[in-house]
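Okay, here we've got a single chain as C-alpha coordinates, the form predicted on its own, with questions on binding and movement later.
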(Lines give C-alpha, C1' and ligand atoms only; values in the text may rest on other atoms or scores of the structure.)
Protein backbone atom coordinates (compact mmCIF):
# COMPACT_ATOMS: atom_id res chain seq x y z
CA UNK A 1 0.00 0.00 0.00
CA UNK A 2 1.37 3.40 -1.01
CA UNK A 3 1.97 5.80 1.85
CA UNK A 4 1.52 9.54 1.34
CA UNK A 5 4.19 11.06 3.56
CA UNK A 6 2.83 14.55 2.98
CA UNK A 7 -0.19 13.63 5.10
CA UNK A 8 1.90 13.83 8.24
CA UNK A 9 4.30 16.60 7.17
CA UNK A 10 3.27 19.00 10.00
CA UNK A 11 3.57 16.22 12.59
CA UNK A 12 6.94 15.18 11.12
CA UNK A 13 8.22 18.74 11.53
CA UNK A 14 7.19 18.80 15.18
CA UNK A 15 8.84 15.40 15.76
CA UNK A 16 12.03 16.59 14.04
CA UNK A 17 12.18 19.63 16.32
CA UNK A 18 11.65 17.43 19.37
CA UNK A 19 14.86 15.61 18.41
CA UNK A 20 16.71 18.82 17.51
CA UNK A 21 15.74 20.54 20.74
CA UNK A 22 16.74 17.50 22.79
CA UNK A 23 20.13 17.38 21.06
CA UNK A 24 20.81 21.10 21.49
CA UNK A 25 19.78 20.97 25.13
CA UNK A 26 22.01 17.97 25.81
CA UNK A 27 25.01 19.70 24.20
CA UNK A 28 24.60 23.14 25.75
CA UNK A 29 23.31 22.32 29.24
CA UNK A 30 21.28 24.58 31.51
CA UNK A 31 22.23 27.77 29.72
CA UNK A 32 20.29 26.64 26.67
CA UNK A 33 16.77 27.43 27.95
CA UNK A 34 16.25 30.47 25.72
CA UNK A 35 17.82 28.74 22.70
CA UNK A 36 15.75 25.61 23.29
CA UNK A 37 12.56 27.65 23.67
CA UNK A 38 13.36 29.62 20.52
CA UNK A 39 13.92 26.44 18.51
CA UNK A 40 10.70 24.93 19.85
CA UNK A 41 8.84 28.07 18.78
CA UNK A 42 10.42 27.85 15.31
CA UNK A 43 9.22 24.25 15.03
CA UNK A 44 5.68 25.30 15.90
CA UNK A 45 5.73 28.09 13.29
CA UNK A 46 7.06 25.77 10.56
CA UNK A 47 4.48 23.09 11.40
CA UNK A 48 1.75 25.73 11.17
CA UNK A 49 3.05 26.85 7.77
CA UNK A 50 3.06 23.21 6.59
CA UNK A 51 -0.54 22.77 7.75
CA UNK A 52 -1.58 25.74 5.62
CA UNK A 53 0.55 24.62 2.64
CA UNK A 54 -0.96 21.12 2.52
CA UNK A 55 -4.50 22.34 3.14
CA UNK A 56 -6.92 20.11 1.26
CA UNK A 57 -8.73 16.83 1.67
CA UNK A 58 -6.76 13.62 1.23
CA UNK A 59 -7.66 9.98 1.57
CA UNK A 60 -6.63 8.29 4.82
CA UNK A 61 -3.16 6.77 4.68
CA UNK A 62 -0.80 4.83 6.96
CA UNK A 63 -3.08 1.77 6.79
CA UNK A 64 -6.09 4.07 6.95
CA UNK A 65 -5.22 5.37 10.41
CA UNK A 66 -4.76 9.10 9.76
CA UNK A 67 -6.11 11.67 7.30
CA UNK A 68 -4.85 15.14 6.48
CA UNK A 69 -8.24 16.60 5.66
CA UNK A 70 -9.19 20.19 6.30
CA UNK A 71 -10.63 19.18 9.65
CA UNK A 72 -7.35 17.77 10.91
CA UNK A 73 -5.27 20.59 9.47
CA UNK A 74 -7.42 23.31 11.04
CA UNK A 75 -7.19 21.44 14.32
CA UNK A 76 -3.40 21.48 13.85
CA UNK A 77 -3.47 25.27 13.64
CA UNK A 78 -5.50 25.45 16.83
CA UNK A 79 -3.12 23.17 18.73
CA UNK A 80 -0.04 24.93 17.37
CA UNK A 81 -1.47 28.30 18.43
CA UNK A 82 -1.87 26.98 21.98
CA UNK A 83 1.63 25.50 21.90
CA UNK A 84 3.20 28.67 20.49
CA UNK A 85 1.62 30.84 23.18
CA UNK A 86 2.67 28.36 25.88
CA UNK A 87 6.26 28.37 24.64
CA UNK A 88 6.29 32.18 24.57
CA UNK A 89 5.15 32.18 28.19
CA UNK A 90 7.65 29.43 28.94
CA UNK A 91 10.58 31.64 27.90
CA UNK A 92 9.81 33.66 31.05
CA UNK A 93 8.39 30.87 33.25
CA UNK A 94 11.52 28.72 32.98
CA UNK A 95 13.65 31.57 34.33
CA UNK A 96 11.18 32.91 36.91
CA UNK A 97 10.13 29.58 38.43
CA UNK A 98 13.33 27.63 37.80
CA UNK A 99 11.58 25.13 35.56
CA UNK A 100 13.68 22.67 33.57
CA UNK A 101 14.17 23.55 29.90
CA UNK A 102 12.78 20.12 29.09
CA UNK A 103 9.28 21.63 29.43
CA UNK A 104 9.69 22.93 25.88
CA UNK A 105 10.36 19.38 24.64
CA UNK A 106 7.33 18.08 26.53
CA UNK A 107 5.12 20.83 25.11
CA UNK A 108 6.21 19.80 21.61
CA UNK A 109 5.54 16.11 22.32
CA UNK A 110 2.12 16.92 23.77
CA UNK A 111 1.38 19.03 20.68
CA UNK A 112 2.39 16.11 18.49
CA UNK A 113 -0.13 13.95 20.36
CA UNK A 114 -2.83 16.58 19.85
CA UNK A 115 -2.12 16.81 16.11
CA UNK A 116 -2.24 13.04 15.69
CA UNK A 117 -5.49 12.97 17.65
CA UNK A 118 -7.04 15.53 15.32
CA UNK A 119 -6.03 13.51 12.24
CA UNK A 120 -6.81 10.02 13.59
CA UNK A 121 -9.57 8.14 11.75
CA UNK A 122 -8.92 4.82 13.47
CA UNK A 123 -9.54 3.99 17.13
CA UNK A 124 -6.05 2.54 17.63
CA UNK A 125 -4.55 5.78 16.33
CA UNK A 126 -6.91 7.72 18.60
CA UNK A 127 -5.75 5.80 21.66
CA UNK A 128 -2.03 6.05 20.82
CA UNK A 129 -2.29 9.80 20.13
CA UNK A 130 -4.21 10.36 23.34
CA UNK A 131 -1.57 8.52 25.34
CA UNK A 132 1.25 10.55 23.75
CA UNK A 133 -0.62 13.67 24.82
CA UNK A 134 -1.57 12.41 28.28
CA UNK A 135 1.85 11.09 29.33
CA UNK A 136 3.48 14.37 28.32
CA UNK A 137 0.93 16.30 30.38
CA UNK A 138 1.48 14.09 33.44
CA UNK A 139 5.18 14.91 33.39
CA UNK A 140 4.57 18.61 32.63
CA UNK A 141 2.22 18.86 35.60
CA UNK A 142 4.97 17.62 37.93
CA UNK A 143 7.73 19.64 36.26
CA UNK A 144 8.19 22.02 39.21
CA UNK A 145 10.17 19.33 40.96
CA UNK A 146 10.88 21.13 44.25
CA UNK A 147 7.22 22.08 44.82
CA UNK A 148 5.14 19.45 46.61
CA UNK A 149 1.87 20.67 45.14
CA UNK A 150 3.20 20.24 41.62
CA UNK A 151 4.37 16.69 42.38
CA UNK A 152 1.07 15.86 44.08
CA UNK A 153 -0.88 17.23 41.12
CA UNK A 154 1.22 15.20 38.69
CA UNK A 155 0.67 12.00 40.66
CA UNK A 156 -3.06 12.65 40.99
CA UNK A 157 -3.38 13.38 37.28
CA UNK A 158 -1.38 10.27 36.38
CA UNK A 159 -3.43 7.89 38.54
CA UNK A 160 -6.84 9.24 37.49
CA UNK A 161 -5.72 9.60 33.88
CA UNK A 162 -4.75 5.94 33.92
CA UNK A 163 -8.29 4.99 34.92
CA UNK A 164 -9.69 7.13 32.10
CA UNK A 165 -7.37 5.48 29.58
CA UNK A 166 -8.49 2.07 30.81
CA UNK A 167 -12.14 3.04 30.25
CA UNK A 168 -11.33 4.30 26.78
CA UNK A 169 -9.38 1.16 25.88
CA UNK A 170 -12.16 -1.03 27.22
CA UNK A 171 -14.67 0.85 25.08
CA UNK A 172 -12.50 0.48 21.98
CA UNK A 173 -12.23 -3.27 22.62
CA UNK A 174 -16.03 -3.54 22.89
CA UNK A 175 -16.54 -1.62 19.67
CA UNK A 176 -14.04 -3.87 17.91
CA UNK A 177 -15.82 -6.91 19.33
CA UNK A 178 -19.12 -5.68 17.91
CA UNK A 179 -17.90 -4.58 14.48
CA UNK A 180 -14.55 -6.33 13.86
CA UNK A 181 -12.85 -3.10 12.84
CA UNK A 182 -11.10 -0.06 14.36
CA UNK A 183 -11.81 2.20 11.37
CA UNK A 184 -14.26 4.98 12.22
CA UNK A 185 -15.75 4.94 8.72
CA UNK A 186 -16.26 1.16 8.76
CA UNK A 187 -17.80 1.29 12.23
CA UNK A 188 -20.18 3.91 10.89
CA UNK A 189 -21.05 1.74 7.86
CA UNK A 190 -21.71 -1.37 9.95
CA UNK A 191 -23.45 0.41 12.78
CA UNK A 192 -25.99 1.93 10.40
CA UNK A 193 -27.62 -1.50 10.16
CA UNK A 194 -28.63 -1.28 13.84
CA UNK A 195 -31.93 0.47 14.25
CA UNK A 196 -31.62 1.18 17.97
CA UNK A 197 -29.17 0.97 20.85
CA UNK A 198 -30.81 -2.21 22.14
CA UNK A 199 -30.03 -3.99 18.86
CA UNK A 200 -26.28 -3.71 19.46
CA UNK A 201 -25.63 -3.81 23.21
CA UNK A 202 -21.89 -4.42 22.89
CA UNK A 203 -21.45 -1.52 20.46
CA UNK A 204 -23.60 0.74 22.64
CA UNK A 205 -21.62 -0.19 25.75
CA UNK A 206 -18.38 0.52 23.87
CA UNK A 207 -19.68 3.96 22.92
CA UNK A 208 -20.50 4.70 26.57
CA UNK A 209 -17.01 3.71 27.73
CA UNK A 210 -15.38 5.81 25.00
CA UNK A 211 -17.49 8.78 26.10
CA UNK A 212 -16.41 8.22 29.70
CA UNK A 213 -12.73 8.22 28.65
CA UNK A 214 -13.07 11.47 26.75
CA UNK A 215 -15.28 13.06 29.41
CA UNK A 216 -12.37 12.71 31.82
CA UNK A 217 -9.90 14.22 29.34
CA UNK A 218 -12.03 17.32 28.71
CA UNK A 219 -13.32 17.56 32.32
CA UNK A 220 -17.04 16.93 31.85
CA UNK A 221 -19.21 16.17 34.88
CA UNK A 222 -19.12 13.66 36.59
CA UNK A 223 -15.47 13.07 35.61
CA UNK A 224 -14.16 16.56 36.43
CA UNK A 225 -13.08 16.16 40.05
CA UNK A 226 -9.37 16.05 39.20
CA UNK A 227 -9.39 19.42 37.45
CA UNK A 228 -9.15 22.01 40.28
CA UNK A 229 -6.34 20.26 42.16
CA UNK A 230 -4.32 19.46 39.05
CA UNK A 231 -4.77 22.90 37.50
CA UNK A 232 -3.86 24.61 40.76
CA UNK A 233 -0.84 22.40 41.46
CA UNK A 234 0.69 22.54 37.99
CA UNK A 235 2.92 25.49 37.03
CA UNK A 236 0.82 28.30 35.51
CA UNK A 237 2.47 27.79 32.13
CA UNK A 238 1.40 24.13 32.13
CA UNK A 239 -2.11 24.91 33.39
CA UNK A 240 -2.61 27.41 30.58
CA UNK A 241 -1.44 24.93 27.95
CA UNK A 242 -3.36 22.01 29.43
CA UNK A 243 -6.61 23.89 29.91
CA UNK A 244 -6.85 24.88 26.26
CA UNK A 245 -4.78 22.35 24.30
CA UNK A 246 -5.94 19.13 25.92
CA UNK A 247 -9.54 20.33 25.97
CA UNK A 248 -9.40 21.28 22.29
CA UNK A 249 -7.80 17.96 21.32
CA UNK A 250 -10.40 15.98 23.24
CA UNK A 251 -13.35 17.78 21.67
CA UNK A 252 -11.85 17.68 18.16
CA UNK A 253 -11.40 13.90 18.41
CA UNK A 254 -14.82 13.43 19.97
CA UNK A 255 -16.56 15.31 17.14
CA UNK A 256 -14.88 13.12 14.52
CA UNK A 257 -15.63 9.88 16.40
CA UNK A 258 -19.28 10.66 17.09
CA UNK A 259 -20.06 12.02 13.64
CA UNK A 260 -18.13 9.40 11.64
CA UNK A 261 -18.71 6.22 13.66
CA UNK A 262 -22.02 6.83 15.43
CA UNK A 263 -24.16 9.23 13.34
CA UNK A 264 -27.14 6.82 13.40
CA UNK A 265 -27.52 7.27 17.18
CA UNK A 266 -27.17 11.06 17.03
CA UNK A 267 -30.46 11.65 18.82
CA UNK A 268 -29.51 9.41 21.74
CA UNK A 269 -25.98 10.72 22.30
CA UNK A 270 -27.17 14.25 21.58
CA UNK A 271 -29.58 14.16 24.52
CA UNK A 272 -27.00 12.47 26.74
CA UNK A 273 -24.43 15.17 25.94
CA UNK A 274 -27.04 17.90 26.46
CA UNK A 275 -27.71 16.57 29.97
CA UNK A 276 -23.95 16.37 30.66
CA UNK A 277 -23.54 19.93 29.37
CA UNK A 278 -26.14 21.22 31.84
CA UNK A 279 -24.47 19.47 34.77
CA UNK A 280 -21.00 20.58 33.69
CA UNK A 281 -21.89 24.25 33.20
CA UNK A 282 -23.84 24.46 36.43
CA UNK A 283 -21.33 22.60 38.60
CA UNK A 284 -18.34 24.52 37.24
CA UNK A 285 -19.95 27.93 37.71
CA UNK A 286 -21.38 27.24 41.15
CA UNK A 287 -18.05 25.88 42.39
CA UNK A 288 -16.15 28.88 40.98
CA UNK A 289 -18.33 31.38 42.86
CA UNK A 290 -16.66 30.88 46.23
CA UNK A 291 -13.03 30.63 45.14
CA UNK A 292 -10.46 33.12 46.42
CA UNK A 293 -7.59 31.75 44.36
CA UNK A 294 -7.77 33.25 40.87
CA UNK A 295 -6.01 30.23 39.42
CA UNK A 296 -8.43 27.81 41.07
CA UNK A 297 -11.36 29.96 39.95
CA UNK A 298 -10.15 29.68 36.35
CA UNK A 299 -9.84 25.92 36.85
CA UNK A 300 -13.50 25.66 37.87
CA UNK A 301 -14.51 28.03 35.10
CA UNK A 302 -12.71 25.79 32.60
CA UNK A 303 -15.15 23.04 33.62
CA UNK A 304 -18.04 25.40 32.92
CA UNK A 305 -16.57 26.27 29.52
CA UNK A 306 -16.32 22.55 28.71
CA UNK A 307 -20.06 22.46 29.33
CA UNK A 308 -20.67 25.32 26.88
CA UNK A 309 -18.57 23.55 24.24
CA UNK A 310 -20.45 20.29 24.84
CA UNK A 311 -23.63 22.09 23.78
CA UNK A 312 -22.25 22.44 20.25
CA UNK A 313 -21.34 18.76 20.22
CA UNK A 314 -24.82 17.77 21.43
CA UNK A 315 -26.47 19.88 18.72
CA UNK A 316 -24.18 18.37 16.04
CA UNK A 317 -24.50 19.34 12.37
CA UNK A 318 -22.74 22.20 10.63
CA UNK A 319 -23.86 24.90 13.08
CA UNK A 320 -23.03 22.83 16.15
CA UNK A 321 -19.57 21.74 15.08
CA UNK A 322 -18.66 25.20 13.74
CA UNK A 323 -19.61 26.67 17.11
CA UNK A 324 -17.42 24.08 18.86
CA UNK A 325 -14.37 25.04 16.78
CA UNK A 326 -14.96 28.78 17.17
CA UNK A 327 -15.45 28.45 20.91
CA UNK A 328 -12.24 26.40 21.25
CA UNK A 329 -10.27 29.06 19.35
CA UNK A 330 -11.68 31.94 21.41
CA UNK A 331 -11.23 30.07 24.68
CA UNK A 332 -7.59 29.40 23.80
CA UNK A 333 -6.91 33.12 23.42
CA UNK A 334 -8.90 34.28 26.46
CA UNK A 335 -7.64 31.66 28.86
CA UNK A 336 -3.98 31.76 27.84
CA UNK A 337 -4.10 35.54 28.18
CA UNK A 338 -5.55 35.28 31.70
CA UNK A 339 -2.89 32.76 32.71
CA UNK A 340 -0.18 35.00 31.27
CA UNK A 341 -1.32 37.67 33.73
CA UNK A 342 -1.22 35.15 36.61
CA UNK A 343 2.30 34.22 35.51
CA UNK A 344 3.34 37.88 35.46
CA UNK A 345 1.98 38.40 38.97
CA UNK A 346 3.93 35.56 40.56
CA UNK A 347 7.46 34.57 41.23
CA UNK A 348 9.07 31.61 42.92
CA UNK A 349 8.00 31.47 46.56
CA UNK A 350 5.27 34.12 46.08
CA UNK A 351 2.69 32.96 43.56
CA UNK A 352 0.24 35.81 44.30
CA UNK A 353 -2.83 33.84 43.24
CA UNK A 354 -5.24 35.14 45.90
CA UNK A 355 -7.82 37.65 44.73
CA UNK A 356 -6.51 40.19 47.28
CA UNK A 357 -3.11 40.11 45.56
CA UNK A 358 -4.81 41.71 42.55
CA UNK A 359 -6.29 44.59 44.57
CA UNK A 360 -5.33 47.98 43.15
CA UNK A 361 -3.43 46.46 40.24
CA UNK A 362 -4.69 49.25 37.98
CA UNK A 363 -2.52 51.71 39.94
CA UNK A 364 0.52 49.45 40.12
CA UNK A 365 0.52 48.02 36.58
CA UNK A 366 -2.25 49.64 34.47
CA UNK A 367 -1.51 47.74 31.27
CA UNK A 368 -1.58 44.38 33.03
CA UNK A 369 -4.82 45.23 34.84
CA UNK A 370 -6.49 46.33 31.60
CA UNK A 371 -5.36 43.14 29.85
CA UNK A 372 -6.70 40.97 32.69
CA UNK A 373 -9.98 42.88 32.67
CA UNK A 374 -10.31 42.26 28.92
CA UNK A 375 -9.71 38.51 29.31
CA UNK A 376 -12.14 38.25 32.23
CA UNK A 377 -14.82 40.19 30.33
CA UNK A 378 -14.28 37.93 27.34
CA UNK A 379 -14.55 34.80 29.48
CA UNK A 380 -17.79 36.20 30.90
CA UNK A 381 -19.11 36.77 27.38
CA UNK A 382 -19.31 40.58 27.30
CA UNK A 383 -20.03 42.08 23.80
CA UNK A 384 -17.19 43.21 21.52
CA UNK A 385 -15.01 40.35 22.74
CA UNK A 386 -14.40 36.91 21.27
CA UNK A 387 -16.08 35.31 24.25
CA UNK A 388 -19.39 37.01 23.47
CA UNK A 389 -19.52 35.72 19.89
CA UNK A 390 -18.35 32.26 20.98
CA UNK A 391 -21.26 31.98 23.40
CA UNK A 392 -23.66 33.57 20.91
CA UNK A 393 -22.81 30.98 18.22
CA UNK A 394 -23.13 28.06 20.64
CA UNK A 395 -26.45 29.30 22.03
CA UNK A 396 -27.78 30.06 18.52
CA UNK A 397 -26.82 26.58 17.34
CA UNK A 398 -28.70 25.13 20.31
CA UNK A 399 -31.87 27.11 19.49
CA UNK A 400 -31.72 26.21 15.78
CA UNK A 401 -31.04 22.56 16.64
CA UNK A 402 -34.13 22.26 18.83
CA UNK A 403 -32.38 22.70 22.18
CA UNK A 404 -33.79 26.10 23.13
CA UNK A 405 -34.13 24.99 26.77
CA UNK A 406 -30.41 24.17 26.78
CA UNK A 407 -29.58 27.64 25.45
CA UNK A 408 -31.71 29.18 28.21
CA UNK A 409 -29.87 27.23 30.93
CA UNK A 410 -26.54 28.17 29.36
CA UNK A 411 -27.55 31.84 29.35
CA UNK A 412 -28.39 31.68 33.06
CA UNK A 413 -25.01 30.07 33.69
CA UNK A 414 -23.27 32.81 31.72
CA UNK A 415 -24.92 35.41 33.94
CA UNK A 416 -23.81 33.54 37.07
CA UNK A 417 -20.24 33.31 35.77
CA UNK A 418 -20.11 37.07 35.21
CA UNK A 419 -20.21 37.53 39.00
CA UNK A 420 -16.92 35.81 39.77
CA UNK A 421 -15.13 37.22 36.72
CA UNK A 422 -16.23 40.77 37.50
CA UNK A 423 -15.36 40.31 41.19
CA UNK A 424 -11.68 39.96 40.22
CA UNK A 425 -11.93 42.93 37.84
CA UNK A 426 -13.55 44.97 40.61
CA UNK A 427 -10.71 44.20 43.03
CA UNK A 428 -8.18 45.30 40.44
CA UNK A 429 -9.88 48.62 39.77
CA UNK A 430 -11.43 49.56 43.11
CA UNK A 431 -9.45 47.64 45.73
CA UNK A 432 -6.65 49.01 47.87
CA UNK A 433 -3.27 47.58 47.02
CA UNK A 434 -1.73 45.61 49.92
CA UNK A 435 1.05 47.47 51.70
CA UNK A 436 3.49 44.62 51.12
CA UNK A 437 2.52 44.12 47.47
CA UNK A 438 5.32 42.62 45.40
CA UNK A 439 6.57 44.54 42.38
CA UNK A 440 5.13 43.17 39.15
CA UNK A 441 7.45 42.66 36.19
CA UNK A 442 6.27 41.91 32.66
CA UNK A 443 9.09 40.54 30.53
CA UNK A 444 9.25 40.81 26.74
CA UNK A 445 7.94 37.24 26.04
CA UNK A 446 5.06 37.74 28.45
CA UNK A 447 4.35 41.14 26.95
CA UNK A 448 4.21 39.67 23.45
CA UNK A 449 1.87 36.91 24.69
CA UNK A 450 -0.43 39.45 26.33
CA UNK A 451 -0.52 41.76 23.31
CA UNK A 452 -1.16 38.91 20.86
CA UNK A 453 -3.94 37.32 22.89
CA UNK A 454 -5.55 40.68 23.69
CA UNK A 455 -5.54 41.85 20.06
CA UNK A 456 -6.93 38.54 18.79
CA UNK A 457 -9.56 38.46 21.54
CA UNK A 458 -10.85 41.83 20.36
CA UNK A 459 -10.38 41.08 16.64
CA UNK A 460 -12.44 37.88 16.82
CA UNK A 461 -15.07 39.76 18.76
CA UNK A 462 -15.62 42.42 16.10
CA UNK A 463 -14.64 40.73 12.80
CA UNK A 464 -14.94 36.93 12.96
CA UNK A 465 -15.96 36.37 9.32
CA UNK A 466 -12.58 35.12 7.92
CA UNK A 467 -12.15 32.60 10.73
CA UNK A 468 -15.76 31.43 10.47
CA UNK A 469 -15.30 30.86 6.72
CA UNK A 470 -12.17 28.83 7.42
CA UNK A 471 -14.01 26.78 10.05
CA UNK A 472 -16.88 26.09 7.65
CA UNK A 473 -14.37 24.74 5.12
CA UNK A 474 -12.61 22.71 7.82
CA UNK A 475 -15.70 20.85 9.04
CA UNK A 476 -16.86 19.95 5.50
CA UNK A 477 -15.13 16.52 5.61
CA UNK A 478 -17.10 15.75 8.78
CA UNK A 479 -20.57 17.02 7.92
CA UNK A 480 -20.31 16.13 4.23
CA UNK A 481 -21.44 19.39 2.60
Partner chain sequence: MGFPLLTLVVWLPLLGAVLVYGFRREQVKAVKAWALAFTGLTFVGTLLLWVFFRSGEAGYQFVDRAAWIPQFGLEYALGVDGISLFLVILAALLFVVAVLTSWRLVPAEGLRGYFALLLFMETGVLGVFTALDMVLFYVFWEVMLVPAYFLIGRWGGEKRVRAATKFFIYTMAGSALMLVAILALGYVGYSASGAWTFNVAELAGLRIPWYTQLALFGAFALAFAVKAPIVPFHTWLPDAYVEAPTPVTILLAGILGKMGVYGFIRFAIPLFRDAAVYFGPTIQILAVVGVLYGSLIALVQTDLKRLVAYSSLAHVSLIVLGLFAVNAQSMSGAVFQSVSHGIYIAALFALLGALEARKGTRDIAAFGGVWKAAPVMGFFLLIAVLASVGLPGLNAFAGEFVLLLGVFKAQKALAVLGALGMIFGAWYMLTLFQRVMQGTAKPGPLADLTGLEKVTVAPLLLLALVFGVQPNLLYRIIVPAVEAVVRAVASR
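Positions refer to the first chain, counted from 1. This one's a predicted model, so the numbers in the text were calculated from it and none came from an experiment.
There is another form of the same protein, the form predicted in complex with its partner chain; it is not shown, and what comes next is about it.
Visitor: Under a 4.5 Å heavy atom criterion, is residue 389 part of the interface with its partner chain in the predicted bound form?
Guide: So residue 389 counts as contacting its partner chain.
Visitor: Do residue 363 and its partner chain come within 4.5 Å of each other in the predicted bound form, heavy atoms counted?
Guide: Taking the distances in the predicted bound form, the answer for residue 363 is yes, it comes within 4.5 Å of its partner chain.
Visitor: Spell out, yes or no, whether the shortest heavy atom distance between residue 177 and its partner chain in the predicted bound form is within 4.5 Å.
Guide: It does not: once its partner chain is placed as it appears in the predicted bound form, residue 177 has no heavy atom within 4.5 Å of it.
Visitor: Is residue 429 part of the interface with its partner chain in the predicted bound form - any heavy atom within 4.5 Å?
Guide: Residue 429: yes, in contact with its partner chain in the predicted bound form.
Visitor: 193, 223 and 271 - do all three of these have some heavy atom no more than 4.5 Å from its partner chain in the predicted bound form?
Guide: So, no: the whole triplet misses its partner chain.
Visitor: Considering its partner chain in the predicted bound form, which of 407, 81, 172, 278 comes within 4.5 Å of it through any heavy atom?
Guide: Looking at 407, 81, 172, 278 one by one, just 407 meets the 4.5 Å heavy-atom criterion.
Visitor: Which one of 415, 455, 437, 52 is close to its partner chain in the predicted bound form, taking close to mean a heavy atom within 4.5 Å?
Guide: Among 415, 455, 437, 52, a heavy atom within 4.5 Å of its partner chain in the predicted bound form occurs only for 415.
Visitor: Can you check 185 to 193, 363 to 371, 243 to 251, 305 to 313 and let me know which stretch has heavy atoms within 4.5 Å of its partner chain in the predicted bound form?
Guide: Looking at the partner contacts, the answer comes out as 363 to 371.
Visitor: Any residue of 382 to 400 with a heavy atom within 4.5 Å of its partner chain in the predicted bound form counts; write them all down in order.
Guide: 382, 383, 384, 388, 389, 392, 393, 395, 396, 399, 400 sit within 4.5 Å of the partner.
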